[in-house]
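Encoded as C-alpha cells, the following chain is the form predicted alone, with no partner shown.
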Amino acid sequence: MVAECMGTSLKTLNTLGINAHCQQLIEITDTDQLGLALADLREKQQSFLVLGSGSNLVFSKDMLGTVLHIATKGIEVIEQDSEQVVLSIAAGEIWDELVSYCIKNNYFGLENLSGIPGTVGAAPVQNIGAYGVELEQFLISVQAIEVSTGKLLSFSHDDCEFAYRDSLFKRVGANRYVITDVRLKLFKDASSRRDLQYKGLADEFAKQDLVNPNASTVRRVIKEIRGAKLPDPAVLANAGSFFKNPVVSEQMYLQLLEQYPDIASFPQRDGQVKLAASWMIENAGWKGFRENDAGVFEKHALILVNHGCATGSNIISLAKQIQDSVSDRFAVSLEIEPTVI
C-alpha cells in the first residue's frame, strides 16, 4: 500500500508521537515486495528509511524520502529435536507477541525479554536485552537484503558483531541491509537457559514468595515490573530507555563510589562496571522535569516523554541538557539509545 501524497504524517508510526512527515510511505507485507521496492528506490536514487513499530526512534526532522514500513508476518519451525527448536520469524512480527507465542508453545528462553516494544526485525539491530538476558544469546542468524545489490544474504551470529545495545546493523550496516527474517534457537526445557538472578527480578520473586516460577509466571512478573515504572506509549508517548547505561573502568567506578556511596552499578565480566543511567539522571535532578511538552517521566528518569506536541528537536534539546548535567556532575558521558533521524 502506498501513500502517494507529499507530507505523509508518521505520527502514528513512532511511539514518541513526533509529527514528522515523509514524501512517500510504502507498507511492506512480503520479502518479494521489499526487494522490488528497494530496486525501484535504487534505480531512482531516492533516499529511504526502514521503519518497524518506531519504538526506538526519534524524528528530529521530516524524512525527505520514502519510508518502508515493515509489516511482514510469519513464524516457522525450521528444525527441532527433543531439546531445542529453531524458529524463523518474519521481521514485521511484534516482538512481545513472539515471546507470548513461544511460551504458549513451550519454547523457552525469551521470557526475560517480555514487554519490550518493537518488531522482531529491529531486535537484532539493538541487540535488545532486559533482566540479565540479551537477544544474541539465542540468535543463530539474520537474513537481510543488501540494498546496493538486492541480494538476500545470511549473517551468522558472529557476523552480526553484537555488543551492548549494538550490532553491525546499527553501525556500518545501518543503510546497507534491510532485515527480512531472524532465526532463533530456543529450548524445550524451561530451565535450560533460565536467568532469574537479576536483582530487580529476584527481589520481586521473593516479594511474591515465588520459588522456581514457570515461564508464564516470569513473563507476568516482568510485565508487572515494567508496567509499574514504564509508561504505555499509547497513553504517554515515549521511546523507552533514552540513554544507554554507561560502562566505566573499575578505577573510575571506585572514584565515584567514594563520592556517591549509593550509586547504582552492575559489575561486568571484563572487570569494568556498568552504571545505572537512571540513577545519575535522577540524582542530577531531572526526574519529572518538563519543558513545554518534552519531559522526563516522573516514575523513571531514563524515559523521555512527549506530553502532546513536542517536536523531535524539543526532545533532543532536553536530552542534550541532561547529558551536559550528568557529565558536569559525574564526569560520565551518556549515549542516546534510540536512533535519531
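Here the structure is a predicted model, which is why all the values come from computation and not from measurement. Residues carry their position along the shown sequence, with the first being 1.
Quick note: we don't show the form predicted together with a small molecule, though the next part is all about it.
- For Ile116, a non-hydrogen atom is located within 4.5 Å of the small molecule in the model of the complex, even though that partner is not displayed.
- Taking the partner from the other structure, the small molecule in the model of the complex has a heavy atom within 4.5 Å of a heavy atom of Tyr177.
- A residue is said to contact a partner when one of its heavy atoms sits within 4.5 Å of a partner heavy atom; Arg226 meets this definition for the small molecule in the model of the complex.
- Taking the partner from elsewhere, Leu110 is found to have every heavy atom lying beyond 4.5 Å of the small molecule in the model of the complex.
- Residues Ser55, Ala91 and Arg165 are all found to lie within 4.5 Å of the small molecule in the model of the complex, as judged by heavy atom distances.
- Distance criterion of 4.5 Å from any heavy atom to the small molecule in the model of the complex singles out Ile128 from the list Ala215, Leu98, Val85, Ile128.
- Contact annotation: the small molecule lies within 4.5 Å of heavy atoms from the stretch 237-245 in the model of the complex, the single such stretch among 155-163, 267-275, 74-82, 237-245.
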